[in-house]
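A lone chain, given as structure tokens: the form predicted on its own.
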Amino acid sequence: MTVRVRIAPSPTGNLHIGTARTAVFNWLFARHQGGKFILRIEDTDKERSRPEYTENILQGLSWLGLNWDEGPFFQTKRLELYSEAVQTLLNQGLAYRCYTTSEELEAMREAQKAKNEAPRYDNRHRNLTEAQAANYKAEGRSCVIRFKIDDDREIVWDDLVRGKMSWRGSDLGGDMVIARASAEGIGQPLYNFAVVLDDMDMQITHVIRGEDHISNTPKQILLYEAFGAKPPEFAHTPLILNIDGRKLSKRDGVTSISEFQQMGFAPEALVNYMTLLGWSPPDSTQEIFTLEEAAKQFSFERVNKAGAKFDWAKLDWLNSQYLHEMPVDKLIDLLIPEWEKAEYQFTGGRDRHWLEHLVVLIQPSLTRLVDAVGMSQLFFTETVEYSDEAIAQLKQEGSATVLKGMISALEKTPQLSESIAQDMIKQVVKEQNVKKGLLMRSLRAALTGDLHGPDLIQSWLLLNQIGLDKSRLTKAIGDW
């Protein structure tokens, strides 16, 4: 048997991290088993589905490296299949047309609420005569299609994450609507029905999804049986929770993959982190791995039942590890769009070679890609803003004098290198008989506007290559 799994997002919003994590688990299982990972777009909700959301989903999965083997398939292109299947159930007496109005349903719910009963449909139209159905139709009532559910039936499955699961038919809320209202009698299919037809047609062997779908599973098993099909195996994974232990939602801020991308997370780091949200590798000390490495070790035995709390600090740490180890050329390509968004100009000697030196300088301090904007600002602007500490340093007695000495030495130096810069510092310290610390602090304050930051000599060399070091030293003397 070839393992076939699917991810089936609805294009009613951007790709959510919960859906993406489900996609990760599906992808890992498929690759571990040498199977197929299938992409299906469940777009039958015409009112809320948008093409831009579909594009966001496709881009997000691709960005994360979750390449699919088949698809994308669209439910809206399969409506004829659903209608034929509904008619089959009607012909077999396993489904029926229900003409109950919304007002009647509301009155039913209110009566049940008054008796402290769980809301459920009372199956009142399950056995309508032809005459009764004709009367309702003559009244202008539209009908939904309901699938018959035996209240006494027990539905059992062995969940790959949660073990044996059991539901009674009486807990499923009465006969299930499988198609929306329509004057013609068969309207748009609903989720539980369409998903079963799709999974049957696509020969899905394993359905891997969030635990919020558990209540759908017994209904879907009954539909598989109605069509004489063997249900797939089910695995219901833990939800991603916020810090308060509730399901992560838009109220918690960033939840879509495109937003994580905009915040400066590398795809390798984000997908690594999502892998750890609910699953742990055999070596519990291992935290950094590629998708391919995780796939070799993935199994449902190591998927937790409990919800996985989202930890921003852990994600930031993982991201920093990936950025620190990333090849410089690749990191430059990721940072250029961030600099462009900040409207930094690549002129005046700021070529690819210069950017390589800049990235080497700031790389060890990066946590997110967007951090590079602030860290490198002083290399893209003509002047700098001085911190209070820098101003105090530049006002210190002797500061202006050592900076003038550095300017004089620079004017005698045709080309600056690390060794030449070190020699210049030694020379000025010796000539002026000052402590090296005074010169170094003053030099950093004048060149960068702060007393803290990346390596001073390397920063100086970068500024020298684009002709900003001497002008900044001169300005610092004049201002303070």
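For every residue, the number given is its place in the sequence shown, counted from 1. From a predicted model like this one, the values you see are computed outputs, not experimental measurements.
The protein also exists as the form predicted together with a small molecule; that form is not presented, and the subsequent description refers to it.
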Next item on the list: Check each of Asn14, Gln465, Ser459, Ser10 and return the one that places a heavy atom within 4.5 angstroms of the small molecule in the predicted complex.
Entry: Ser10
Checklist line | Residue among Lys219, Arg209, Arg97, Arg78 with a heavy atom within 4.5 Å of the small molecule in the predicted complex | finding: Arg209
Notebook entry, point to check: Of 301 to 309, 127 to 135, 187 to 195, 251 to 259, which is the one stretch near the small molecule in the predicted complex, taking non-hydrogen atoms within 4.5 angstroms as near?
Noted result: 187 to 195
Note to self: in the predicted complex, is there a heavy atom of the small molecule that lies within 4.5 Å of any heavy atom of Asp450, even though the partner is absent here?
What the structure shows: no
Notebook entry, point to check: Hey, in the predicted complex, does His213 get a heavy atom within 4.5 angstroms of the small molecule?
Noted result: yes
